[in-house]
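Single chain ahead, by itself, as structure tokens, in the form predicted alone.
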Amino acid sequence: MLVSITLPVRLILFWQLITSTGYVSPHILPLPKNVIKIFLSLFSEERLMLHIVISLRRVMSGFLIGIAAGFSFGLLIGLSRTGEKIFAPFFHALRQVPMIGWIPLIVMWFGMSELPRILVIAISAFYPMALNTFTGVRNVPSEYIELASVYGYKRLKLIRRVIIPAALPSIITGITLSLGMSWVILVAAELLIETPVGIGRLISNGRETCNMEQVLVGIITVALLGFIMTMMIEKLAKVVERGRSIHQEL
């Protein structure tokens, strides 16, 4: 914990050193105090909060759609060998396409509206969720299935009481990876699909006006929010795992 606190402090001190001594031009890397000044200015004017709120709304909308679809698809091909044979080849082929490669096609279909940004984020969340759900379902020990059949579990009860709980660690991993992918693609979507508001727009505006301080404010904001969201998912995962362990003991 101490290392995780001291490392950012050391990086900031190093940043201050190389910029204040003139080793790096302020046009390339501005002074930390100037970045903080721009941050406080944007925050006090509520412009930064507006960008954050809109971006969070986009990423959560796409993320929730993506993990819901990914979980359903992963469960389908994980439970059905026939479903795997039909859909898995297309799934594995399509997931090789870089997410940015989908943006021109989606924009041509749906225009420069809010929907393409959410769809790009949803697709980015879909792949890791589907893959990890499929892996988790397929790795459920056969002994669990046999024991459930002895107790007369029907299909839906078997899925709900045995397969999903057993696959839960892999499913949670899928959720965590999907959130990370959603947040990364959010910035790309806001940069490439023109939008008036969003953290990506904030970064783009800074680039267009050669305002390096604003660009860094946007990048640091993305990093901090992504870190906080990942920590929240990991905390939730630990709570779910703890509840699962207690349930198994009972």
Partner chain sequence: MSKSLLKRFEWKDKLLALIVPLLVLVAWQSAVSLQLFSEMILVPPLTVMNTLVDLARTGDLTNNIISSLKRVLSGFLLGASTGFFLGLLMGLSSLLDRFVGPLIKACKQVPQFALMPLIILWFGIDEVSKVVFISIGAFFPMVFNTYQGVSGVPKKYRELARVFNYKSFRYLTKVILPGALPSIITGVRHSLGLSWMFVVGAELFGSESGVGYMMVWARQLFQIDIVMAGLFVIGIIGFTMNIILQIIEKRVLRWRVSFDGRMA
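It should be emphasised that the depicted structure is a prediction, and the values quoted were computed from it without experimental measurement. Residue numbers count along the first chain shown, from 1.
This protein has a second form, the form predicted in complex with its partner chain, left out of what is shown; the following refers to that one.
- Item | Complete contact of 90, 187 and 219 with its partner chain in the predicted complex (any heavy atom, 4.5 Å) | Answer is yes for this spot.
- Message: Please determine whether residue 192 contacts its partner chain in the predicted complex, using a 4.5 Å cut-off between heavy atoms.
- Response: Yes, residue 192 lies within 4.5 Å of its partner chain in the predicted complex.
- Task: Classify residue 109 as contacting or not contacting its partner chain in the predicted complex by the rule of any non-hydrogen atom within 4.5 angstroms, answering yes or no.
- Result: The answer is yes: residue 109 has a heavy atom within 4.5 Å of its partner chain.
- Query: With the partner left out of view, is residue 223 within 4.5 angstroms of its partner chain in the predicted complex by any non-hydrogen atom?
  - Reply: Close contact exists here: in the predicted complex, residue 223 approaches its partner chain to within 4.5 Å, heavy atoms only.
- Task: Mark residue 72 yes when one of its heavy atoms lies within 4.5 Å of a heavy atom of its partner chain in the predicted complex, and no otherwise.
- Result: Contact check for residue 72: no, nothing within 4.5 Å of its partner chain in the predicted complex.
- Exactly one stretch in 142-150, 97-105, 165-173, 115-123 has heavy atoms within 4.5 Å of its partner chain in the predicted complex; which is it? Stretch with heavy atoms near the partner: 97-105.
- Quick one: of 197, 29, 68, 36, which gets a non-hydrogen atom within 4.5 angstroms of its partner chain in the predicted complex? By the 4.5 Å criterion, the partner-contacting residue is 29.
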